[in-house]
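First, one chain by itself in structure tokens, the form predicted on its own.
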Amino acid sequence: MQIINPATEEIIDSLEMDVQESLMAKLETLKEGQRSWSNQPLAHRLKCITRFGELVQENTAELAAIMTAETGKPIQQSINEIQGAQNRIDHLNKYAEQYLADEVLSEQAPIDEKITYEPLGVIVNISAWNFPYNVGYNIFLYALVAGNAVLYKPSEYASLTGKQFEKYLWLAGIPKNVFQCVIGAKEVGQCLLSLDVQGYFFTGSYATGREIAKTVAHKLLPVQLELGGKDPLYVMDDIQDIKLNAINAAEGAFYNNGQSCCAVERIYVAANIYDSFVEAFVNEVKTYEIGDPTNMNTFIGPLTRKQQLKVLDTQVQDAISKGAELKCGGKMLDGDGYFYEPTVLVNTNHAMKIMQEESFGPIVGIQKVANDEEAIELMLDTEYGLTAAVFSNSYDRAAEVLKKMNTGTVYWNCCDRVSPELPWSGRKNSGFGSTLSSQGIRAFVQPKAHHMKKA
């Protein structure tokens, strides 16, 4: 499998793909290792994960360069992700013991009652390329701490990073028969669905997540899907600093080239501040430096996947043909690499694809609304349910909007944010199940009820 640099279109490496035989061999290895791993004290498992985090931080520069080379993520953002993902390990050190410990519910005669939490066994993690550290840690680190073994398939667009996870987990003391990396694209992912494992945890598109759920449904085992979004932001007319709010909204839309499931993809602005907000927003976007992702000043790098260029261009042309006004961007860059200009479209509406279909790129539509009721109606007009945000000076007013959102996460005066303290979950086409928080720790265990009657 060839690894292509999306900024230069050069082949930078090649990896041998797994086949059915190698997958079966890795699975058998993990089945054997999981039993001994789960018998290790939790303190030992945490110690290994902590050491892994230390090794990653010590090698941030090298690891960031690898991620930037294969995904096109601007190097400063790669560094930010690697350093920021450490908070998952801090979270596990803080809470794993509390939420994995036995719970004694009753010690009153004649029957004692308690709950124990046992690992699932061997789990499959099919991961994403856009934030491989963040979304990967959410699954495989939490699974390992809970006593599971992990068959980890990174995206084919982040396979070199996936191999680095394997390298440093092994160096940190995680046995080789407890974590194994799988290399390949769609066909290899499909092979994983036929294996005798105890859970599937996927991060990626709605279409792929739906197929995974359908394929493994007959197994009646845990399946968790973290899928896409069409995340709305509503800017109310009571904001005090239009420029600052526009800057924050633009970063929420364009960070990581807009390639985030929780990126702001559609913006609704109160009519009486609409023109001022649009002007400030466009002015901010025009300052973004686009180009070589190895440059520390670059904010917009190439798209990771070449095929996404056509998706974005189709959405932009569709919007323009239906009356939207292009304020900046709107086309691919000439030359090598999968570059698309940061693009802002205004006077949009819900007849346009840009306000309905996931973009996953550096484009955003802005629509004028008359009042909170219209904003709510439009924000709810989606098949997705990941996040929703409101910028407002009034918490009470914002809260009235946010409580009506059918999403797993809501934001007031912030956006595009994940915290290990809070559950990360989707609704509708954004998936189901939770990572992070206490729920994310317990996502990788199964409860056993104990009824113990004294003789």
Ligand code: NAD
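These numbers come from a predicted model, not from an experiment. Residue numbers run from 1 along the displayed sequence.
The form predicted in complex with this ligand is left out here; the points below concern that form.
> Given that this ligand is left out here, which of Ala128, Val311, Leu378, Ile82 has a heavy atom within 4.5 Å of it in the model of the complex?
The residue from Ala128, Val311, Leu378, Ile82 that makes the contact is Ala128.
> What is the one choice in Pro154, Pro342, Pro232, Pro119 with a heavy atom within 4.5 Å of this ligand in the model of the complex?
Of Pro154, Pro342, Pro232, Pro119, the residue with a heavy atom within 4.5 Å of this ligand in the model of the complex is Pro154.
> Might Gln190 be said to contact this ligand in the model of the complex, defining contact as any heavy atom within 4.5 Å?
Contact with this ligand, yes.
> Against this ligand in the model of the complex, would Ala185 count as a contact residue? Criterion: heavy atoms within 4.5 Å.
Flag for Ala185 set to yes.
> Please run the contact check for Arg305 against this ligand in the model of the complex: heavy atoms, 4.5 angstroms, yes or no?
Answer yes; at least one heavy atom of Arg305 falls within 4.5 Å of this ligand in the model of the complex.
> Given that this ligand is not shown alongside this chain, does Phe360 nevertheless sit within 4.5 Å of it in the model of the complex, heavy atom to heavy atom?
The answer is yes: Phe360 has a heavy atom within 4.5 Å of this ligand.
> In the model of the complex, which of 290 to 298, 346 to 354, 172 to 180, 130 to 138 comes within 4.5 Å of this ligand (heavy atoms)?
Going by heavy atoms within 4.5 Å, the stretch is 130 to 138.
> Can you tell me which bits of 209 to 223 touch this ligand in the model of the complex, meaning any heavy atom within 4.5 Å?
Sequence-ordered list: Glu211, Ile212.
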